[in-house]
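In C-alpha cells, one chain follows: the form predicted on its own.
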Amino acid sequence: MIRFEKIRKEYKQHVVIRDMDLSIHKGELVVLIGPSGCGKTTLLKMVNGLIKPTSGNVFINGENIEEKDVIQLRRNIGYVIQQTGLFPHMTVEENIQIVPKLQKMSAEEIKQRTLEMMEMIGLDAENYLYRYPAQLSGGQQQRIGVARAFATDPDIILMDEPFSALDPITRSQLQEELAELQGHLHKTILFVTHDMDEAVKIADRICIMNDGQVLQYGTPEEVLKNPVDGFVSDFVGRNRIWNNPELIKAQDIMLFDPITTSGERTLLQAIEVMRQSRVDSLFVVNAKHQLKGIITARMIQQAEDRSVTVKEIMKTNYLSVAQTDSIVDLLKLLKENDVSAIPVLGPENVLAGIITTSSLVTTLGARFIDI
C-alpha cells in the first residue's frame, strides 16, 4: 500500500532520515514511535507530499507520488494533527464538508456523509453540527478532526500525535474509539506518537525509530517480547508487557518436554516412569504426540490390577490451553479449577508443553525480580 524506498532527508548538514526502506500493508494501523527528532513526523508528511525527500521515493499502490498531482494526492489522504486543524470561523458541519465539496460530491451525498461521520464519532448531529470549534471540548474537537479525515472515505489516514494534548481519560477514550473504528473500516493508518502505551494499545505494527533509522518493525507482541537491541529494550521498558498481559501467551511460559507415556503401557510400567522422573502424573500420547489422556499416581494406586493398560483407566476429560491462549485465560482457568498442571496443546491436539503452578509463580515473579 505505502512503500518508502531508500528515503533520505537532509536539512543543510543535518540528516533527518537515513536511507530508509519501509512498507505499510493495506488495512494496517502502523505506529511510528521514537524519541523527539528521530524523523517520524518527517516520514509521515512525505506520504501526502508536505515534505519531499532529499532522495528516494514514496509509492502508494505501486505509484510514485512524485508523478501525481499533489493537490489531488492530498485530497485522497485523510490527515489528523495534534491541534485538530479545525477552521475556527467555520461550524462543525462546514469543517467536515470542506474536502467533499472540493471533490464536487453532490449536495445530497455530502449531507448524508456528514450525518454518517457524526454517527461514527458518537456526536449527535442536531446538537453539534452548527457549533463552532471554540464551543467544543478538546476531545470533541479531535473527534471532529477524525470525522473530517474520514469524510471522503480515503484509503489512507495520517495521524500526527492526534491525542497527545488531551487529558488522560479523554485520550484513552479516543484510543479505544479509534481501535474500534479501525476494526470496522480497515483503513491504512500511519500514526505518530511518542507514547509506547498508546502504540501497544492501537497498533497492528509498531515501527521504532531513532536517529532517522528503523530499529525494529513488528507487531506489538514481537516488539515487547523480543526487542532487537538495548535501545529498543530501554525505550519499550522491561516490564511494559505486563501492562498488556493478554500478549503473554501460554507458549511463552510453558515448560517443554513434559513426561509422557503410551496408552499401551501397563500401570506398573507407568508408575515406574513416574518414579524415575519424579512426577505424580503422565500425559498419554499416541505416535503423533497427540494428547489422548492423563493418568495420575493416585489413579494407579486405586486400580486393583496393575497389569491393565494405561488407556483403560486414563482420564480423557481434562483441562487444557492452546499455545495462543493468554496468561489471563490461564489464570482464570487455574482460579476456577483445582489443578497443579495444565497441558498446552498445539494444532491437531499435539502436546506442546505444560504449565505448572510453580512455573507460573516463577514467571509472575520475574515481573518484580530479575531472575
Ligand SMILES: Nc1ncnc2c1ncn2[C@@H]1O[C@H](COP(=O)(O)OP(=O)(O)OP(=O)(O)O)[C@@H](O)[C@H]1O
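Residues carry their position along the shown sequence, with the first being 1. Here the structure is a predicted model, which is why all the values come from computation and not from measurement.
The same protein has a further form, the form predicted together with this ligand, not shown here; the description that follows concerns it.
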Examine G39 and determine whether its closest non-hydrogen atom to this ligand in the model of the complex is within 4.5 angstroms. yes
Is there a heavy atom of P35 lying 4.5 Å or less from a heavy atom of this ligand in the model of the complex? yes
K201 near this ligand in the model of the complex, any heavy atom under 4.5 Å? no
Applying a 4.5 Å heavy atom distance criterion, does H25 contact this ligand in the model of the complex? no
Of the candidate stretches 313-321, 58-66, 40-48, 342-350, the one with residues having heavy atoms within 4.5 Å of this ligand in the model of the complex is 40-48
Let me know the one among R265, H194, R171, K187 whose heavy atoms come within 4.5 Å of this ligand in the model of the complex, would you? H194
Using heavy atoms only and a 4.5 Å cut-off, determine which of E177, E161, E93, E222 is in contact with this ligand in the model of the complex. E161
Along 2-30, which positions have a non-hydrogen atom within 4.5 Å of this ligand in the model of the complex? Y11, H14, V16
